[in-house]
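One chain comes next, on its own, written as structure tokens: the form predicted alone.
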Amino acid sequence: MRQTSSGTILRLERSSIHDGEGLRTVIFLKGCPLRCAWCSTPEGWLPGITETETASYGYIMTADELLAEIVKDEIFFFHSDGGITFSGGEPLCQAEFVTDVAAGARKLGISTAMESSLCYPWQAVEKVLPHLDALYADLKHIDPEQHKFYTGQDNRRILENIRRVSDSDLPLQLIIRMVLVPGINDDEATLRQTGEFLQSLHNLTRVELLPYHRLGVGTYAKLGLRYRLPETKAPSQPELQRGKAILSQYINNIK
């Protein structure tokens, strides 16, 4: 394993309970080719260090340096069955770095997970997969044109990559995450089309239906960016339950 690669980190978040099993150290990486209208981390879009008049977003670490930081949380991983989760941004922007760190963590007995839109060529996905215990694949919108309108790219490669992961014989969990955004991907026709796609996957551990939120809106102002969904509100509990009820007609394990 190479331990000389380096990556650009947005931030480390310790003791997270929302990004995998147990307590997780989440490694937010810089760089993302998508521009999702509801993204909560626009400071992670650009691949390099982002400087503003009041803040600096990002710093460089080698794989060895990051592993040394990860090991500091080893006691929490052990007692909670936790580990590390790569997030972003888009981790596949730095596939070589993620591969080095994940492989090193696995050698230390630390569980690894990655949250990704899978918007990169299969060669990048294939490089990282053998070093993961779990993959959280973000499904933004099932319709290619709507996906392109709201993220900047269509979803054909993403859907194909999800299928290829589900068809692989690698011993990893595949979890689909879908943020339910009112007025964008929560109508019955879209949910049924999504359900049909999910039903076709061979090895799907579960689906996580997440509510849209506005926690990153303030960061857009700091970066001088326009937030595209200023009037969109978070879905109510009944709206989430309605989405779950529709998807449950196609798949069983929805969280």
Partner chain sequence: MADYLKRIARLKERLLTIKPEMDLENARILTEGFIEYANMPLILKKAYAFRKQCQEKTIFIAEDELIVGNSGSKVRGGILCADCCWSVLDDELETISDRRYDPFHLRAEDKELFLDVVKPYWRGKSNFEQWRRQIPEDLRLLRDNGVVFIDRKGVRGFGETTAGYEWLLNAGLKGIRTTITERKSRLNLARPGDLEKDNFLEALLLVCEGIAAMAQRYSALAADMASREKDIVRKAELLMIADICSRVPENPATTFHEALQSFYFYHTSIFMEQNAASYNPGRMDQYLLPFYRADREAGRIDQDQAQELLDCLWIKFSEPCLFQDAVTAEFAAGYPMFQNVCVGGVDETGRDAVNELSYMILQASMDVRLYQPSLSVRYNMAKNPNQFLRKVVELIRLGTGFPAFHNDEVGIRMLLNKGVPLREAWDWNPCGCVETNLEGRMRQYTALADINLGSLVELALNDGVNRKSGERISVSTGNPDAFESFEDFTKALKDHIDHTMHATVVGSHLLDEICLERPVPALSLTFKECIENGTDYSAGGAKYNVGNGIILIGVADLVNSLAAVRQLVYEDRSVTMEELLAALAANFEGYEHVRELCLAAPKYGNDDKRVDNLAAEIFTYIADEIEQYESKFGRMTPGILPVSGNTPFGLEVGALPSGRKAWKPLADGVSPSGGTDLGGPTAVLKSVSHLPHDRFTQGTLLNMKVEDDLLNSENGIRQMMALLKSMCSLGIFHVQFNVIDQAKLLAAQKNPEQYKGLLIRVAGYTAYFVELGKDVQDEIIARTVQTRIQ
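Residue numbers count along the first chain shown, from 1. Nothing here was measured: the structure is a model prediction, and the numbers come from that model.
Separately, the form predicted in complex with the partner chain exists; it is not shown, and the next lines address it.
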property	result
Proximity to the partner chain in the predicted bound form, single hit among 50, 41, 205, 190 (heavy atom within 4.5 Å)	41
Of 107, 72, 148, 164, the one that lies within 4.5 Å of the partner chain in the predicted bound form (heavy atoms)	72
Within 4.5 Å of the partner chain in the predicted bound form, all of 23, 115 and 222 (non-hydrogen atom)	yes
Heavy atom of residue 177 within 4.5 Å of the partner chain in the predicted bound form	yes
Any non-hydrogen atom of residue 15 within 4.5 angstroms of the partner chain in the predicted bound form	yes
Residue 76: touches the partner chain in the predicted bound form, heavy atom cutoff 4.5 angstroms	yes
Residue contact check: residue 45 to the partner chain in the predicted bound form, 4.5 Å heavy atom	no
Candidate stretches 206 to 214, 191 to 199, 58 to 66, 29 to 37, one within 4.5 Å of the partner chain in the predicted bound form by heavy atom	206 to 214
